[in-house]
Structure formats: structure tokens, C-alpha cells
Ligand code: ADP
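Next up: a single chain in C-alpha cells, the form predicted alone.
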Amino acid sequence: MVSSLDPKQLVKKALPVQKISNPTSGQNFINLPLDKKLQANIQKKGYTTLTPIQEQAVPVLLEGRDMLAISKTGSGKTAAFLIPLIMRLLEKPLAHSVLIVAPTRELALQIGEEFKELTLGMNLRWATFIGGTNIQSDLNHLSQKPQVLIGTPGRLLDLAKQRVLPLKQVNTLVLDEFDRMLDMGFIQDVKRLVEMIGSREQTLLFSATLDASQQKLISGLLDNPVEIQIDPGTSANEHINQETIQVADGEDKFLVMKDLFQDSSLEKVILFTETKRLADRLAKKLNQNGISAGQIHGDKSQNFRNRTLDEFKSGKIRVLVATDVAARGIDVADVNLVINYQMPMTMDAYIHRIGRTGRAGKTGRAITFIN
């Protein structure tokens, strides 16, 4: 398969990061009509001023409206839908009432972690259901009657087919990164889940990009929705320096890349490949050359992926080699550089990959190798 991208699209100077990183009206979380414990947990996480997506989404979602929300990676989308959902759960703490579906295991786990931190001391129950984990532990979680179910489509469907996941009780459905979910890989799973749930009070679709071809599906999922588009992900984060490196015929691409790591300031680097096999090969080769690396992709067990991510976050390894499974849902602070070892197939894939750097008001850097 050949990439559809023009290399000229992958070169761009970062705009200077302004001192105020969120161009909002400056609304503070403290001024929102939220539960005291939720307010305390928000402050504990260091959230003060609402981001643009939060400022527009939170008040509307507190009213219980359906929503289609598009905002770039790293803009605070997860908190934008979790905070109103938590408020509604405090009013009606029904078991199995909220279902949050994510396209990747990592994103599902990240949403679960965010929910846990926002609901400390609030007696709300949640559970994550993802592939690569023990089904028995899923059954144990379900026996606790969690109010919030978070998971990937395949595992959720497996549990529903076994009649242990009571989807009919779900009254709020959230599809996070719905553009990926509604693509050819997930569309049938999503349709089956929606059919099993049936009528519901609220449906939320959140993503960084919007594909016009999905409009019919989106319209069928939402009832009189509020639509919000803030910096829709048709272009990459403007705070990322984007460059390409041309590899000449006969030149060893790995050696060209290895030279980049002479820069000791590159402490956290994500290296993207198109195939799992190449990810394994590059991680092994980097380690053999004294550059600590680990890999995550679909063939690795969930425990392996979690452990590798933890090592990357803590600085134990310098390079995370990944396939596109990692391009969504991995929120690692201070990634210095994203390297595309091969040209991504689409602009959408490119945007999500390089969106792992230049987050939280910082300038990032992305390099794409061109053969």
C-alpha cells in the first residue's frame, strides 16, 4: 500500500506558543456548578481554566443534550465529557448506565484512569473491558455492578453475546475517537452495540477529526445534537515543528535515524512503523545500539503493553516503537520527538501520530523519513 501524502505537507514551522495556551474567555472550573468533591479532584489534577472544548461542551452536556464534538488531540476532550457524566451519575447512580467505547485498549485504560482520579472518594464504580485480558476478571468487575463501563468494541460485544453485560441498562453512550470507530474496522461492531443498547437518553461522539463520509451514520446515532468544532483535526497541531529527512538510494535509514539520538535532550521519542514485525526489529536494533527501546502493538499482550508504557513514562526506556495502535489514547507528558520511520498512509494517521508531541502548551517536533 502506498501513502497518499505529499511530502511537502509534512514540513511546517511551529508557531510560537503563547503565554496563555488556552484561548478561552478564561472561565475557571471553580465557577462551574459542580459537586464539592469533584471540584476538589479537578483542582488536585491541576485543572484550573477550562480549555476551549471544555468551555463549550461542559455546560451543554450538564443539560443532558446529545453532542458531536471535534477538537484536536491533547485539547482536554476526555475531561470535557467525563465531568458532566460524573455530575449526572451523582444525581442518578444507576448500575451499568454509562457505556464509553474507545477504539484502542490504551485509550480505554486512559479514560478509566481519568475517571478514577476525578471520582476519588465519591463511591462511583467503573470498570474497563479490553481485549488481551482475563475474561474472569471482567466477570468479577461486572458482579460489582459498575455504573460506568469503558471498553473496546470487540471485548464489549463478546461479553454482551455471553449475556453477562446488560447493555439494555445503558442510558448514556459515548463513542470516543468515533471517526476511527466508525471506519471499516469497527463499523459493524458499533452498529451491533448500538442495536443491543436500544433507546437511550444521551449519546456523545468525540474525536479529533471528522470524515464527511460518516455523516449518515452520525445522524443516525444522534438526536438533535449540539455540534462543536474547535480546531478540527484537518491539520496538525500548529505548535509542532514538522520536518522530513530524505533517505538516498542505498543509504541505511537506520543509521540516519541513529544519528538523531546523539542529541541527549531527546529523552522521550515515539517511533512509528507501519508493521508489527518492523516495530519488533527496530526496537531490538535500537537496544543493540545502546538506545533503550520498547515496543507496543496488537500482537503484544496487554500486560506487556502496560509495562512498556510505564517504562516509557518513567524514563526507563528512551524510545517507544509503535504501530498506529498507539497513535490514539497514549497521553505521555513531554514527548520530545515523534519519528515516522515510514510515510503514514493518510493525513488522518499522520495527525494522530504527531499529536503525541507538542501537548499541553509545549512546542513539539516531528520527523518523517522519505525514501
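So that there is no doubt, residue numbering starts at 1 and follows the sequence shown. What you see is a predicted model; the values in this text were computed from it and never measured.
Just so you know, the form predicted together with adenosine-5'-diphosphate exists too; it's not on screen, but the next bit is about it.
With a 4.5 Å cutoff on heavy atoms, G131 does not count as touching adenosine-5'-diphosphate in the model of the complex; it lies far away. Within this chain, K362 is remote from the site of adenosine-5'-diphosphate in the model of the complex, having no heavy atom within 4.5 Å. Among heavy atoms of H297, none comes within 4.5 Å of adenosine-5'-diphosphate in the model of the complex. Proximity of Y341 to adenosine-5'-diphosphate in the model of the complex: non-hydrogen atoms within 4.5 Å are absent; the residue sits far from the partner. Contact with adenosine-5'-diphosphate in the model of the complex, defined as a heavy atom within 4.5 Å, is made by all three of F29, G74 and E177.
Note that among 314-322, 46-54, 300-308, 31-39, the stretch whose heavy atoms approach adenosine-5'-diphosphate to within 4.5 Å in the model of the complex is 46-54.
Screening T78, T152, Q202, T119 for any heavy atom within 4.5 Å of adenosine-5'-diphosphate in the model of the complex leaves a single hit, T78. Of the residues in 145-168, none comes within 4.5 Å of adenosine-5'-diphosphate in the model of the complex through any heavy atom.
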